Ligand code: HEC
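Just one chain follows, in the form predicted on its own, and it is written as structure tokens.
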């Protein structure tokens, strides 16, 4: 029979051993979790170029290995799309450069994408992301006749063939605007081959990841700041909170056209505006589900607003009931008209100054120009975006409040100018 002290010592050693085992296992799990969180997203994916002896791959595996690795893990490489399929062109193709005995486009144009993605390109060319994005800073004077027709066929084109280039763009100059306006608005810039746009603005090369294209961070590249703060508004909304707190569990790589609430329990930018979700088909026209021109000075309904509304509400209906959707739309319509009313008040202050020639003809050369512009371009648009995306702080303090503040300033400036003109 063992002595009590021996039994106690053996039990003590057993307990210590169990504690050490638990600590070691816990530490291993923490290390595994950290490693998983920090691991490249392509871990576990098949590298379609791992054994490739394609001469482009062999050479660039030495010179630009990151690009080769990214493309090797893409769905296009898995579908046996070769580098030459996107890059190689005839010697007389616009923008072609000689490279290792062949002629290539250093950056493939939309015309290259269109060879395989015809429907997506057709939808994109009818969207705000196409020529209207470019024309809004560069103007329409440089467009070809075909491009002008294309532009005027788009709802955002305003059917205005004399669209002037943006005055602020001209004032700031190319040294600045290359890194400012152009960085975002070139998503719709015509290429030298005549095709419109830059798909790579949203679909980053060379992995062309579904996850990357679907995540709100991609939209954040442009949809941010005082004139279109959709990124900030989204993240203060209930939808954005759901993404921030649970998005790591969502099915980002689900096949296009199959997405449902099991994959995405709350919407992202892409789910609302582009993705095939529930019974709503995929679209690359980001205005296809919108009822208003919210970016306009005074917002108007879109030409096909009723059809657009049905498409967007079909997305909403996957989670919300009919009464909620109908009440929300009516309230948001009313709020949009209320913001329009504030913008019109600013117009009523400015118009007498124009009638009496009390404003200079040059753009943005006196404080009143900036106050008037910001009233609608920054705060008016922000208030409307905040309404429709359910961001209370942006509707209020970054929107309606700032509009009221600007109206007070405009009234004071207007009175001073009128009194000076009529002492």
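Numbering follows the first chain given and starts at 1. What you see is a predicted model; the values in this text were computed from it and never measured.
Here the subject shifts to the form predicted together with the ligand, a form of this protein not shown in this document.
For the chain shown alone, residue 100 is a contact residue for the ligand in the predicted complex, at least one non-hydrogen atom being within 4.5 angstroms. Residue contact with the ligand in the predicted complex: residue 339 places no heavy atom within 4.5 Å of it. When the ligand is considered in the predicted complex, residue 68 lines it closely, a heavy atom lying within 4.5 Å.
In the predicted complex, residue 256 approaches the ligand with a heavy atom inside 4.5 Å. Proximity to the ligand in the predicted complex, defined as a heavy atom within 4.5 Å, holds among 353, 121, 96, 148 only for 121. The partner is absent here; in the predicted complex, the one residue of 165, 279, 310, 344 having a heavy atom within 4.5 Å of the ligand is 165.
Residues of 124-140 lying near the ligand in the predicted complex, listed in sequence order, are 124, 128, 129, 132, 133, 136, 137, the criterion being any heavy atom within 4.5 Å.
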